[in-house]
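Taking the form predicted alone, here's one chain by itself in structure tokens.
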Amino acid sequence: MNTLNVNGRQHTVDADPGTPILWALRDTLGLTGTKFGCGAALCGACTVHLDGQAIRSCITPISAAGGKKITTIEAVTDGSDRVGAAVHAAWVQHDVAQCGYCQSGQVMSATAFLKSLPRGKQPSAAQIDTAMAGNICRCGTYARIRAAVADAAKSLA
């Protein structure tokens, strides 16, 4: 048995310690907002936060989450997270999602990036591109992603 703190709640998960966090979230806890993309940490669709850091849940075992806090897209976009709410609002304003498959990972990476900045700091386009480089969008909405991240940062200043 493994105990995971997910979105502020303790959960007991009956799974091998080597089970990727992604499958514990989706299959055991029913939190399906986090997507499976590649299974090799190359696309970013499975991004969640582990103690505030964006990680790829498809390759991170649940044993790595012991005593740490996992945050998923469900918590970041429920309105209780100031930065997540700003990113979510900017995503809608800029109509970022096309097919939508990568969006939970994109939002999670953008939220972690903006939280890592000093309050009020406005990131450059190059900084946004670097922060978001680990997330692939098959529909190619990168310009809208960059604009949404920049606008979310402005709204938080």
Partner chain sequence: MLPHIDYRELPRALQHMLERDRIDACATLPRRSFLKLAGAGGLALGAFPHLAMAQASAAGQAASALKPTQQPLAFVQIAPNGEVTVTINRLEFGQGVQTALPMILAEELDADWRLVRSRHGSSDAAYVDPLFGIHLTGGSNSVKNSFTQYRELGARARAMLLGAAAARWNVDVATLRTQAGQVLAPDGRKLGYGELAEAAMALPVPEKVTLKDPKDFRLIGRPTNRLDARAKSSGRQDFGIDSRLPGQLTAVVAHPPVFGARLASVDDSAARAVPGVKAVLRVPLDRGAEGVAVVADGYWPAKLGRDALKLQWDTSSVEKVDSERQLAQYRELAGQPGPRHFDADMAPLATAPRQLQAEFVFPYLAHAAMEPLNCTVQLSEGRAELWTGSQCPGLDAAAAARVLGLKPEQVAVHVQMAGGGFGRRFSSSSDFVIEACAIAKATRAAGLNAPVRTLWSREDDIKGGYYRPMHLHRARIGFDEHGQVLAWDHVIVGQSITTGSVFEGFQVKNGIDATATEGMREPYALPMRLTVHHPKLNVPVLWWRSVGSTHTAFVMETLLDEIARATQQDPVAYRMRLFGDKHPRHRAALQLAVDQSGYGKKPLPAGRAWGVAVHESFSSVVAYVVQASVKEGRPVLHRVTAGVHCNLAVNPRTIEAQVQGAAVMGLSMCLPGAAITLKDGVVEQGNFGDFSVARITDMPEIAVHIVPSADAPTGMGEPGLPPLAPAFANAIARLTGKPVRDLPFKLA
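Owing to the predicted nature of the structure, the values given are computational and were not obtained by experimental measurement. Numbering follows the first chain given and starts at 1.
Below: the form predicted together with its partner chain, not depicted.
Using a 4.5 angstroms heavy atom cutoff to its partner chain in the predicted bound form, none of Asp51, Gln53 and Leu156 count as contacting.
The closest non-hydrogen atom of Ser104 lies within 4.5 Å of its partner chain in the predicted bound form. When its partner chain is considered in the predicted bound form, Thr71 lies well away from it, no heavy atom lying within 4.5 Å. For the chain shown alone, His11 is not a contact residue for its partner chain in the predicted bound form, no non-hydrogen atom being within 4.5 angstroms. Proximity of Lys115 to its partner chain in the predicted bound form: non-hydrogen atoms within 4.5 Å are absent; the residue sits far from the partner. Contacts of stretch 23-53 with its partner chain in the predicted bound form, defined by any heavy atom lying within 4.5 Å, are made by Trp23, Arg26, Asp27, Gly30, Thr32, Gly33, Lys35, Phe36, Gly37, Cys38, Ala40, Leu42, Cys43, listed in sequence order.
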